[in-house]
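Just the one chain here, the form predicted alone, laid out as structure tokens.
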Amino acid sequence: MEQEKVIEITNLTKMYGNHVGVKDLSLTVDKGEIMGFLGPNGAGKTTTIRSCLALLTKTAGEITIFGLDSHRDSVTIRKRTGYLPGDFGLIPSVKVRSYLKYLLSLHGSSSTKKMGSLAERLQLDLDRKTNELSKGNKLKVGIVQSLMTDEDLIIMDEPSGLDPLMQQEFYRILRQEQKQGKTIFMSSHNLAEVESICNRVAIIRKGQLIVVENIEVLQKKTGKVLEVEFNDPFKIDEFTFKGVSNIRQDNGRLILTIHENLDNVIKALSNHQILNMNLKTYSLEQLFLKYYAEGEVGEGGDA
């Protein structure tokens, strides 16, 4: 059975004069998944998100959300979408509680139950004034307002900046939203964040998608990195097997990437005296750097 698509982007192009914001981008987000949209500042993440919400007029291409045209049916779509913009702002000198209740009223909702629950979990003081908040607490307000109306789709543009404990609580909140059937589309340049929370990741470079893949499949494709320190001499040739790549020596250590034939590598290691050994999953950060190895990482602006 084919997975229901909540967001369908087909050949999206957005030009800023002669500058390419996004070019010929096609991407789908499935119902009930957490999709990570990864790339540095200027890669095209915000342009894509704003185009989805009709906050930007696209140059070419089609976008449907819930099967509706993103521009023609934008009001209907926004009623079913919680949104955290990257440049989320606050009305100055009002209590957080009053500000959030005002946003609820704009949505036509009077229940503050979920607002209060989210604020408690994120340790957000609702009686503080907005101009007294730290950057992290301002982000908490943004997170609460995007989730408190219990929408079917949550779009978040760079929800980074919480302290480590709050970040973990934020992840738990998103996972619970997902279990309730919500769809979450979040952009980030925080690689660990995407790897920790997302089911799939789309990597964008200079306005063009370069990979869309399941996190686990990506990790399997890229393999595991093995680092070994020996107490006796070794030769690189001993570890040349099918499915083993990037074999090198570094300060007497053996470093290699294993895609398959781990058993053969372990047998070869058993012929030596091992001082230290570390086997780790090839991180998304390494993958990201691999894709961005050529050219500049980010080209300025907030495209």
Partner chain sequence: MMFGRVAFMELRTGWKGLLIFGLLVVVISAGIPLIFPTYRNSLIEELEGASKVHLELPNEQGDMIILSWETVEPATSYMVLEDNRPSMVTPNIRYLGNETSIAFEKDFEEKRYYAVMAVLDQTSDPVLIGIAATEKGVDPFQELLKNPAYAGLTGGRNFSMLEVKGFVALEYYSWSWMLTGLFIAYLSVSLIASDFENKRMDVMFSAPISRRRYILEKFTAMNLIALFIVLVQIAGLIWGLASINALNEFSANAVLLSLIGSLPFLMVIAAVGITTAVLFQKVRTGMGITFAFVFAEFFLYTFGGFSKSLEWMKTISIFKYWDYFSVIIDDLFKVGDFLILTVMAIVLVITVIRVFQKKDIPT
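Bear in mind the structure is a predicted one, so any value in this text is a computation, not a measurement. Positions refer to the first chain, counted from 1.
We do not show the form predicted together with its partner chain, though everything after this point is about it.
- Residues within 4.5 angstroms of its partner chain in the model of the complex, judged by any non-hydrogen atom, belong to 100-108 and to none of the other stretches in 204-212, 160-168, 100-108, 181-189.
- This chain lacks the partner; the member of Lys224, Arg78, Arg128, Lys221 within 4.5 angstroms of its partner chain in the model of the complex by a non-hydrogen atom is Arg78.
- With the partner removed from view, the residue among Asp87, Glu132, Glu120, Glu216 that has a non-hydrogen atom within 4.5 Å of its partner chain in the model of the complex turns out to be Asp87.
- Among residues of the shown chain, Thr48 is not one whose heavy atoms approach its partner chain to within 4.5 Å in the model of the complex.
- Its partner chain in the model of the complex is not approached by Asn246, whose heavy atoms all lie more than 4.5 angstroms from it.
- Looking at Asn271, you'd find every heavy atom of it more than 4.5 angstroms from its partner chain in the model of the complex.
- By the criterion of a heavy atom within 4.5 Å, Asn137 is excluded from the residues contacting its partner chain in the model of the complex.
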